[in-house]
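Single chain ahead, by itself, as structure tokens, in the form predicted on its own.
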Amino acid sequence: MQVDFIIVGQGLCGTFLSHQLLQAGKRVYVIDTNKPFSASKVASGVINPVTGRRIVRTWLIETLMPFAVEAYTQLGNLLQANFIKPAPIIDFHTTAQMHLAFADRLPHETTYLHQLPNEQPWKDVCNYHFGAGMITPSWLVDLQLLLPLWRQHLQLLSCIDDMHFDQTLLRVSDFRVQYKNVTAKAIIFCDGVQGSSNPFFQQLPFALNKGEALIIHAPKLPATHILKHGLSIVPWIGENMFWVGSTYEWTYADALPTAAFKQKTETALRQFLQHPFTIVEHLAAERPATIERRPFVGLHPLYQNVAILNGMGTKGCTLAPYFAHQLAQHLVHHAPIDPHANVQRFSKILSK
């Protein structure tokens, strides 16, 4: 079989890259093992324009957020589904210092930070002692609907195989790549945490970390907002269902859920929420983050038909649509890639 591009992985990166290349009229062949607990599948789906204790704008958010909203909307129109909706974040301050930090930022960040118009309804739902503010516009992406629907679309086009990618079967020459009976102009690795052991890209400064979350059923909790009080409480699939998390563990024995997280999170929820809830599921996954918190995008400096789209970390919903577009434009039209994301910035270590 002859195609233009082989794509390894169908998380958010592989989904948007295959979509962009198909839109450009290219033939793609996607290889993906349909694992239930990849980082994309257990992520909350939140697009938050600010970050950190200093509550500053996330990198490139003025460009990334409108692009992402349009990209999710377009993909939803194609698949006749709604993948994205506005979801204001209520930031319940956990300390007096956090309350002061938010108040100090308010006059300087009038686009995304706002005073909470009416605190009274939330006092009947949550226990908090240091006030609250609001972050908006912010968005919620339904990854649990998007990823399987795009997979079905690829299946209808006969351009995805549910299989483990065996690196030993890949053949790379100057003018083409071949995997089993598939020949292509190039191969793009959108393989998430597997990228850290990929022989082409394992020298890159990945910083894998583990996240855990609970899925709870909370009948009296409003599903109109995202709530932050140390943990995030995010509307999830199903009536009165919520995602609660997440941790950032840098040292861990495996990627499995832990009893310690469940106990700590359940205790925090019972202190914060005034209404009963039931734990339905406990999730965990590794994230393909990077040391410098910038993605890896572009062609290998030595192998010009081997590329990567990876390292989105906790900001995948925000970053993946934009950088998938940049990589697709680079592959098809030789358009530039943002130098802060271009994997060529590591050409020295990749060329060793």
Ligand SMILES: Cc1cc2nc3c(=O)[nH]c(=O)nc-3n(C[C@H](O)[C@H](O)[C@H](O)COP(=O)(O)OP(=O)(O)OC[C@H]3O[C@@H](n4cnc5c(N)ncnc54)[C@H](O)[C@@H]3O)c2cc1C
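Numbers for residues come from their place in the sequence shown, where the first is 1. These numbers were taken from a predicted model, which means no experiment stands behind them.
Separately, the form predicted together with the named molecule exists; it is not shown, and the next lines address it.
Participant: Residue 312 versus the named molecule, in the predicted complex: is there a non-hydrogen atom within 4.5 Å?
Facilitator: Output for residue 312 is yes: heavy atoms within 4.5 Å of the named molecule.
Participant: Test of understanding: in the predicted complex, would residue 188 fall inside 4.5 Å of the named molecule by heavy atoms?
Facilitator: Residue 188 lies outside the contact set for the named molecule.
Participant: Given that the partner is absent here, does residue 194 sit within 4.5 Å of the named molecule in the predicted complex, heavy atoms only?
Facilitator: Close contact exists here: in the predicted complex, residue 194 approaches the named molecule to within 4.5 Å, heavy atoms only.
Participant: How about residue 35 - does it come within 4.5 Å of the named molecule in the predicted complex, if we only consider non-hydrogen atoms?
Facilitator: Within the cut-off, so yes.
Participant: Identify, from the list 297, 28, 31, 68, the residue with a heavy atom within 4.5 Å of the named molecule in the predicted complex.
Facilitator: After the contact test, the surviving option is 31.
Participant: Considering 96, 106, 279, 163, which brings a non-hydrogen atom within 4.5 Å of the named molecule in the predicted complex?
Facilitator: Of the listed residues, the single hit is 163.
Participant: Taking 4.5 angstroms as the heavy atom distance cut-off, pick the stretch from 19-27, 326-334, 340-348, 6-14 that is near the named molecule in the predicted complex.
Facilitator: One stretch meets the cut-off, namely 6-14.
Participant: Where, within 97-117, is there a heavy atom within 4.5 Å of the named molecule in the predicted complex? Residue list please.
Facilitator: Not one residue comes within 4.5 Å of the partner.
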